[in-house]
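Shown below, as structure tokens, is a lone chain in the form predicted on its own; questions about how it binds or moves come after it.
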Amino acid sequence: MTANVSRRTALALAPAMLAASSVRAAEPPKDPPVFRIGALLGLTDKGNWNATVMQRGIMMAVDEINAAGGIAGIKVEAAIEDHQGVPRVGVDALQRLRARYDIQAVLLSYSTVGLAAAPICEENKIFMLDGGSVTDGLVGKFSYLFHNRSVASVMARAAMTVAKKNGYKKMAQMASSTDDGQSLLRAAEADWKAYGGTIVGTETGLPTASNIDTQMAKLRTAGGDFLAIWEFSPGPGLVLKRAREFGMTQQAIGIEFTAEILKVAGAHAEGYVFATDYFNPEAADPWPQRFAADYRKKYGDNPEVYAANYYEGIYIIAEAIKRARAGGGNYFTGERLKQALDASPVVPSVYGGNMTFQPDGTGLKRVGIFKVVDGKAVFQNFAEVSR
């Protein structure tokens, strides 16, 4: 049975599951001494800026929940392990979390690490939530894995709406050699070819590369109406910098812009257009406003997607714990947390309003199109793209 079928089956059986929960409710909940939530982050990876803000978001959420009395009076703790951006190290880190804490829920990051760790979590029924990876290689393959970030097929097609709107026909592209980058590449190429566009050049590189001159020289020769950048922070910064220094003047379109990208690209980021999950600190909903204000007060920066997603991730797991606890018994297990979200897949989102998990585990969020103006991301419009 595929993961998709099992999820749909779980949703179809929701009434029966709720009835079972009401039966279990007669049994008092077996509360653990602490709710310990694991996290695998690339804290010492070369491109560790993302991990730094992920950790900030995690700890802010933990501190807030505990300041409000925890969950049913029980403290929440985050057990964070460093995967260094290396799959083997990530697997070892996961096994440490299992041996030390018998971890039941874990936040994943980095596609390569997630692909290595997810089968182990699936086998041991550990609830997984990924707010950083966009690879479609993780979608629908693991029934215990949920995503609170838009995945590659959504992000790439959202970025392509910019090229279509501008009437472009020829695409040159630079992509990371990671699974994330290649997922974006495949999704973009399929969408662009279906539209009738042509691809004049494709180059790839390591995400930690410090020299991409060969690739840029080839793309300059290839030409194209626009340059698509299928990379993540800090990669797009170097691509933007070297593309402009090589005399490439066409529109650059990507899927991410962070402070780290701006630091590398400098003035060469001007005019860059990108599609991303739209976290709006000025949203009418009081939760994103409060989170953004508290984050600025604590760290001096506006929260970006990674901080928001991992902050939100802790709250999603906390919500699953509350729902599972209502069923009584030994509820703090990965299986019970999964069942809680399968039965009721709508959860509050720090982006404002609610997020709904789809049968394949992905959470649908609105994707915004932004343009870099004077070093700042300026919202242009929403890209309405469905799964």
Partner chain sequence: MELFAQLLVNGLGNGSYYALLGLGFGLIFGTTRIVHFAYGPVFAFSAFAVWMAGKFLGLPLWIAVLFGPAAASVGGAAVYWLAYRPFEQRGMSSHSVLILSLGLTIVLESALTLGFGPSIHTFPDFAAPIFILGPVFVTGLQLAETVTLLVLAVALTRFLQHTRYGKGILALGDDRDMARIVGIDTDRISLVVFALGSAISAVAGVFTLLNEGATPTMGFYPVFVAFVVAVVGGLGSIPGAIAGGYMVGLVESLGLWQIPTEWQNSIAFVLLFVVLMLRPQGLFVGMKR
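Bear in mind the structure is a predicted one, so any value in this text is a computation, not a measurement. Residue numbers count along the first chain shown, from 1.
Below: the form predicted together with its partner chain, not depicted.
Under a 4.5 angstroms non-hydrogen atom cutoff, its partner chain in the predicted bound form has F246 among its neighbouring residues. In the predicted bound form, Q55 stays away from its partner chain, with no heavy atom inside 4.5 Å.
Proximity of G90 to its partner chain in the predicted bound form: non-hydrogen atoms within 4.5 Å are absent; the residue sits far from the partner.
Taking the partner from the other structure, its partner chain in the predicted bound form has no heavy atom within 4.5 Å of any heavy atom of T178. Of the candidate stretches 101-109, 216-224, 281-289, 305-313, only 216-224 contains residues with a heavy atom within 4.5 Å of its partner chain in the predicted bound form. Checked against its partner chain in the predicted bound form, the residues A187, V264, I71, L97 give one hit for a heavy atom within 4.5 Å, which is V264. With the partner removed from view, the residue among N354, T44, N330, S344 that has a non-hydrogen atom within 4.5 Å of its partner chain in the predicted bound form turns out to be T44. Contacts of stretch 234-252 with its partner chain in the predicted bound form, defined by any heavy atom lying within 4.5 Å, are made by P234, L238, K241, R242, E245, F246, G247, listed in sequence order.
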